[in-house]
Each structure stands twice: as C-alpha cells, then as structure tokens.
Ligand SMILES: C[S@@+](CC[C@H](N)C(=O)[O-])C[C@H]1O[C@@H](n2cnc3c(N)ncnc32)[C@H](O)[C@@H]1O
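Read the single chain below, which is given as structure tokens and is the form predicted on its own.
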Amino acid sequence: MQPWGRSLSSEGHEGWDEYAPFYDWENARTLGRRDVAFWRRFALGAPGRVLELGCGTGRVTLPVARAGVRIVGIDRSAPMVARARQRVARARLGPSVRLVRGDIRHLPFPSSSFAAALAPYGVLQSLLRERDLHATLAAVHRALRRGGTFGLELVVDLPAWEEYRQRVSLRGWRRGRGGAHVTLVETVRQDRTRHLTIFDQEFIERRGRQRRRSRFALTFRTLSVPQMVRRLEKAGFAVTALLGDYRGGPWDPRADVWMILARKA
C-alpha cells in the first residue's frame, strides 16, 4: 500500500522539498547534534576546503564553519538550501561557507577541488539506484585531491525497522516565525524486493483553530557496511576505518552507528 500515492520508481530526492519546514524540528528531537562533534573533528583534520554532500539546512555545515573550516555544501532541494543560506547569513559565516543547489551525482566542481568530503546520516542511501550511487562515488573521487578523505554514515540496519501504520511519532511546539504545535504521524513500509525502506510522513500543524497537513514520503535504500565498502573500493577509494560510534570506536554489525572513512588512493 502506498498511502501518499508514491510510485516505487520515484527518485530518492523526492519529498525533501516538502520536508524542509520540519527538518530541523524533527532532527532536534531524534538525531540532534550527536554526530556534529565527529564531523567537526573530521573536517578540522583536512588540509583545505571540505565538501558536504546533502547539506540540507546546514545542521552540520554551520558548526564546521564556526570551527574555522572552509566548507562547500551541496543539496538538490531549493527550500533546504534557502534555509541554510538564511542561517549562514544570520551567523555571519559567509566567507567560510559556500552553498550550492545541485545534484551530488554530477558535482559541479573542477577535479581535485577538495581536501575532504563528508556525507552525513544516510545521505548516500537516498540514491535508490545502483547507477546513481556509482555516479556519485565517481564524482566525489574526481572532486577530491589525491590522498583526500571521504567520510560517510549509513542509517543502521534499515531492513530491521519495524513496519507500522499511522503512528504518532513526535509532537511538540515549533518555535520561531510561524510557530505552531506540530504532530508527526508516520507509516513505515519495507519493499524487500527492491531493498527500500519508505517513511510516509504526515505533519499536522496547529495554530489556534487552524490546522494544516503536509504529506510526503522519504525513501532510503538498504546498504550494509560491507556492501558500501566494496562500492567504495571499486570507485578507487581505500577504506581506512570502520567506526561504530561517534568517538571512533570500532564497528561491528550490532553497533549503534555505522561510519566509513576512506581515502582517495
């Protein structure tokens, strides 16, 4: 069943424009800033500019820039990038941050432009087809200098996510301009034939007696750490570390965090 009428041939980037007004509100209540210190350390270790894939609203971009790193963020969603630009302007980080609306499968940068690249929480799993992942890894490889580092995180064990329908997952007040009480009603579906996990999202905003519903779906591809390692090696990367937490602990299949670090060989 497809509650929001989403076709299984849809692209992984679909739904993210609609998600933009709720992205920071939801992430503050789920992932939060648990990974930010890790990415800040990773970026500080790079001897030059850093590229962030799927920068969204700047959740990772801004803390990295505040640490003194020159960073370029790219995202396909115009509403996401617009919110990131507003945050960069408020923080007066313009000289350190460049934001680009673009497709990570076809990076619009010259070869050897970056000392490091990062793909936080599940960004590469929004690439639903093998050819799209192949194109993205090749594009990152071209954009990195020789010896440049690539860090990425996978969402842990997506096939194990429980399927359910119309569950209230989160509720609370969203502050700021246009503040509202927000409720997230969520459905999770597994398409095991195509190795996809689909999150049907319904955000209900209440302002006094007014109520507004926003419905969309986000789809992620199932990829294990060994599967991603093979793809990185095929793309010309040498894997240097598999991590199971944000402090640098070793990875195993039961770890709470799935991180891969690689180097352009």
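Note that residue numbering begins at 1 and tracks the sequence as displayed. None of the values given here were measured: they were computed from a predicted structure.
Just so you know, the form predicted in complex with the named molecule exists too; it's not on screen, but the next bit is about it.
The putative spot formed by Gly56, Arg105 and Tyr121 is fully lined by the named molecule in the predicted bound form; each residue has a non-hydrogen atom within 4.5 angstroms of it. Of the stretches 57 to 65, 194 to 202, 223 to 231, 209 to 217, only 57 to 65 has residues with a heavy atom within 4.5 Å of the named molecule in the predicted bound form. Although the partner is absent here, Ser126 is a contact residue: one of its heavy atoms lies within 4.5 angstroms of the named molecule in the predicted bound form. Using a 4.5 Å cutoff between non-hydrogen atoms, Tyr246 does not count as a contact of the named molecule in the predicted bound form. In the predicted bound form, Val88 stays away from the named molecule, with no heavy atom inside 4.5 Å.
Contact check for Arg189: no non-hydrogen atom falls within 4.5 Å of the named molecule in the predicted bound form. Shown without its partner, this chain lists Ala180, Leu133, Met80, Leu158 as candidates; in the predicted bound form, only Met80 has a non-hydrogen atom within 4.5 angstroms of the named molecule. Residues of 133 to 157 are not found to place any heavy atom within 4.5 Å of the named molecule in the predicted bound form.
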